[in-house]
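Coming up is one lone chain in structure tokens, specifically the form predicted on its own.
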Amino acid sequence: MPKNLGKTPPMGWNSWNTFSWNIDENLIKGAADALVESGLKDAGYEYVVIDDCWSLKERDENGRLVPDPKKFPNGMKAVADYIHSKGLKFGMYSCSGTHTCANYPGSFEHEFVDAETFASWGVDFLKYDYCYKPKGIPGELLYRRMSMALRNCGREILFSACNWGNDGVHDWIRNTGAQMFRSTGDIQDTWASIKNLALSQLNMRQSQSGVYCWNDLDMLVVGMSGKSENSWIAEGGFGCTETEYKTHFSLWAMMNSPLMIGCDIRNMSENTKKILTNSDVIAINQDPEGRGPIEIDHWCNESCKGLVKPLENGDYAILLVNFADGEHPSELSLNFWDMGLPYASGFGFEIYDCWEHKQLGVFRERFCAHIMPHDCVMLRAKLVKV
């Protein structure tokens, strides 16, 4: 049944990173209100997703999942209706195993009844986890099952597969019908986690990621600042700097990851809002062609990375990142012949800075920037005759 789900990387908000198990109806409605009132909806964020811990520990006498009446006293249909009234879409969570990661009922061998239940509640998005999967059954088969159930439940529901990059998922996930798939372990609100997840995806095969099936690097930690009910995610409670969050957002956007916010958007700072609503960066993430970036090595500094990808209108997106630690900037030089542009062609690039929102001029042969540790420069390059 899904027709155009996943044409570009999905954008929205998920409850897990900040609230984990501490969720209820008022929180989810408040998040929907904040998404609209803050301008995030206008920037493209449309899904409000409840993660784990929303149900009772047992199914009802008919084998159906039951929302926890203390957390969701009016049921999930009422929550969905409220979210839809805001012009947003409603997402929920289940698991391919016998139980979810927090030991609530999973959808193993309940795939079709659960898909029918989600559809009756007005669900538009399903995050599908990988805990407690029977070891003798291939994960690929279980994602095929739920995909089939969702595609025939009578409602368009975007399928977000979350098996953490295990079992060679890049090789088979597109053929299951999922619109996005986790390619990494869980994120933490630290620079080390952001760096490790990003670097783990460089130079990986991108053939299975693109339009209708996006490589998901996990939810954003932008703006969390160490605030989480989950101590593992908070990892010391210090969070990241604004510069590190900016680089995090740039990397996820450049690598075509779905942009699922994880901070408390009801109380986000203006700096957090500025990062999350940067239209120039979002446009690169949402480019209709969905081309994956190539890595262009910096010949004298392994801690500096350059990513380049073509955009629909002939422009190129460029991201230069300094992953090094320390207090001093590094010089990053991007040679245009590595992008395919020889000096003898008579062309150069007109460079636009996506964070400073200004034209930097026309450059031939190379572009050079001095970038502080953990910082980045994100550019849009237009080919021009010189």
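Note that residue numbering begins at 1 and tracks the sequence as displayed. Predicted model only: the values in this text are computed from it and were never measured.
Omitted here: the form predicted together with a small molecule. The next part is about that form.
Participant: In the predicted complex, is there a heavy atom of the small molecule that lies within 4.5 Å of any heavy atom of residue 311, even though the partner is absent here?
Facilitator: No, residue 311 sits far enough from the small molecule in the predicted complex that none of its heavy atoms falls within 4.5 Å.
Participant: Any chance residue 249 has a heavy atom within 4.5 Å of the small molecule in the predicted complex?
Facilitator: Close contact is absent here: in the predicted complex, residue 249 is far from the small molecule, nothing within 4.5 Å, heavy atoms only.
Participant: Quick one: does residue 93 come within 4.5 Å of the small molecule in the predicted complex, counting heavy atoms only?
Facilitator: Residue 93 belongs to the contact set for the small molecule.
Participant: Does residue 102 reach the small molecule in the predicted complex, with heavy atoms at most 4.5 Å apart?
Facilitator: Within the cut-off, so yes.
Participant: So which stretch, 172-180, 121-129, 258-266, 106-114, is the one near the small molecule in the predicted complex (non-hydrogen atoms, 4.5 Å)?
Facilitator: Every other range fails; the passing one is 121-129.
Participant: Within 4.5 Å of the small molecule in the predicted complex, do 52, 162 and 186 each have at least one heavy atom?
Facilitator: Contact check passed for all of 52, 162 and 186.
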